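One chain comes next, on its own, written out as structure tokens in the form predicted on its own.
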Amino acid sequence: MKRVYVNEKWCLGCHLCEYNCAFANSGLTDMVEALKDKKIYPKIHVEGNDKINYAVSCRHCEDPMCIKSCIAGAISKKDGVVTIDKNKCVGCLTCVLVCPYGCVTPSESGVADKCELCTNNGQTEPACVKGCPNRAIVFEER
């Protein structure tokens, strides 16, 4: 299965992956309208310091703890992609606590959110990958 991988040696820490992710998942067609003067909720997050930066997103684990911990049965895995049914999520955020990578976060509405490889917004490749100017983020099978 293809996954998002990051080469931290190439990451500039520019956060463009976060903005592209937030825009791709906003449901809007104009980036300025979608993001200007708004708090963004990307499903990928850049971490680091002045020496090294890296983007963190869901690893779509083989045996995901988030699925096991979900009391509402809102998290499932299909074709290798771990997804959250926001209509089922009760907002307990236990999945946030158990994710060993810190990839599940609360959304603007308070329910759990995470990277779903842009499968829910009609993209063929994750927006973070397309928007990375230095090609530090790739979508490939390893």
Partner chain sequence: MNKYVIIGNGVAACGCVEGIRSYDKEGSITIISEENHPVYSRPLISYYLEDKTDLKRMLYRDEDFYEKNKCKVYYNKKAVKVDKEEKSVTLDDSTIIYYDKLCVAAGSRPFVPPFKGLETVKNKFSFMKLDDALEIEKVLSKKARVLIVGAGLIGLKCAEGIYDKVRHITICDLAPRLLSSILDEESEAIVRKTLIDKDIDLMLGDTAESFDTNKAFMKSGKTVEFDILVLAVGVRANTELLSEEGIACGRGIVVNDRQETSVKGIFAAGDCTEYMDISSNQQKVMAILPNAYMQGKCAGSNMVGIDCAFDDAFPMNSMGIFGTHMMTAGCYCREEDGGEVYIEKSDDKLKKLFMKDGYLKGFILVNDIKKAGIYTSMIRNQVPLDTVDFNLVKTNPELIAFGVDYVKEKMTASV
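As the structure is a prediction and not an experimental result, all values here were calculated from the model. Residue numbers count along the first chain shown, from 1.
If you look for the form predicted in complex with its partner chain, you will not find it shown, but the lines that follow are about it.
For the candidate set Val81, Leu28, Ile40, Val96, a heavy atom within 4.5 Å of its partner chain in the predicted complex is found for exactly one residue, namely Val96. Taking the partner from elsewhere, Tyr5 is found to have a heavy atom lying within 4.5 Å of its partner chain in the predicted complex. Heavy atoms of Leu35 never reach within 4.5 Å of its partner chain in the predicted complex, leaving it off the interface. For Cys115, no non-hydrogen atom is located within 4.5 Å of its partner chain in the predicted complex, even though that partner is not displayed. In the predicted complex, Ser69 approaches its partner chain with a heavy atom inside 4.5 Å. Counting a residue when any of its non-hydrogen atoms is within 4.5 Å of its partner chain in the predicted complex, the hits in 36-56 run His45, Glu47, Gly48, Asn49, Ile52, Tyr54, Ala55, Val56.
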